[in-house]
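As a starting point, one isolated chain is supplied in structure tokens, in the form predicted alone.
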Amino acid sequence: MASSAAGGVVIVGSGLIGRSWAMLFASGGFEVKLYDIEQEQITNALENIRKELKMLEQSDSLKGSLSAEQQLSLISGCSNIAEAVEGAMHIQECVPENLDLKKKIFAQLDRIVDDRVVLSSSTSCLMPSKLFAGLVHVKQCIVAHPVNPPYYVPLVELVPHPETAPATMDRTHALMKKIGQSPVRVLKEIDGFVLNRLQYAIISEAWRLVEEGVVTPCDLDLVMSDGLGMRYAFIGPLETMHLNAEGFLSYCDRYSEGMNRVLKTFGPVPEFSRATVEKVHQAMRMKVPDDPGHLAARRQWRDDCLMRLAKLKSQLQPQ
């Protein structure tokens, strides 16, 4: 177990993502301070974490080698930011996705931290150059963007500010590996990072295929869940190409002409017209009614599936 002398982790913001990060760091044996402005929010977050860790333990899905009680004992709440960050080695910001709010938090942290701590943001779309502009400790700043829900989906995108020190990237990469996540180094900042750029490319073509009457919304989703998604759960698009021929060069020799021809038919970025929005909305509501109860139940089912898939993947991964 990590000792407090080695420096703990501070989570700024006790919402869904903040709670998930707290659980992940505790699973790796790190002392975690959960900071929020309202004591009531902290109390609720700690109770929520307690229930979730107990549930994970009962279903044999708890991460790390410590018991739920041991992990819980590592997490404490704090409503004084200066007190929370004292002696920390990593600070993970998880406040709502608002540039002004996040900048305000980082300016506050910038004034009170030392030269050793890593300042990390969970933002999914704000550019590091905007987020960390003008900070004294900019070399210690990085984006560590998790995927929702982070406890079951291990990917973390590490995105540097142009002035982020290589050591900050290395330390954060090592820390993410230590808590069982799968960090990727985004070598330079780009709008949307990597995951959302890939996701938006898929959404864009999915939209066109539905809008042009090529396929129904439900069948479109089936193409992904029972087709591409089956192999993408284990290997990415580039390795898929490599395995679908006698290696990557062979695939490109064989299929690049056809890919080029099809890609030229893709057309402009969709306008996301209201008519198609309504069409897809109705199809999705037939499958999962959009009242809070049905949506929550379906999310729970999704998370259970992800939990079981994560277990399967850990058994199947080549050592």
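For clarity, every value in this text was computed on a predicted model and none was experimentally measured. For every residue, the number given is its place in the sequence shown, counted from 1.
Below, we refer to the form predicted together with a small molecule, which is not included among the displayed structures.
**Prompt:** Which listed residue (79, 124, 76, 204) meets the criterion of a heavy atom within 4.5 Å of the small molecule in the predicted bound form?
**Reply:** Flagged contact: 124.
**Message:** Which residue, 227, 96, 236, 134, is the contact with the small molecule in the predicted bound form, using a 4.5 Å heavy atom cutoff?
**Reply:** Result of the distance check: 96.
**Prompt:** Hey, of 244-252, 159-167, 99-107, 209-217, which bit sits against the small molecule in the predicted bound form at 4.5 Å between non-hydrogen atoms?
**Reply:** Result for this chain: 99-107.
**Request:** Determine whether any heavy atom of residue 69 comes within 4.5 Å of a heavy atom of the small molecule in the predicted bound form, and answer yes or no.
**Result:** Flag for residue 69 set to no.
**Prompt:** Would residue 36 show up as a contact with the small molecule in the predicted bound form if we use heavy atoms at 4.5 Å?
**Reply:** Yes, residue 36 is a contact residue.
**Request:** State yes or no: in the predicted bound form, is some non-hydrogen atom of residue 148 no more than 4.5 angstroms from a non-hydrogen atom of the small molecule?
**Result:** Residue 148: contacts the small molecule in the predicted bound form.
**Request:** Tell me, yes or no, whether residue 17 is in contact with the small molecule in the predicted bound form, where a contact means a heavy atom of each within 4.5 Å.
**Result:** Residue-level check for residue 17: yes, a contact with the small molecule.
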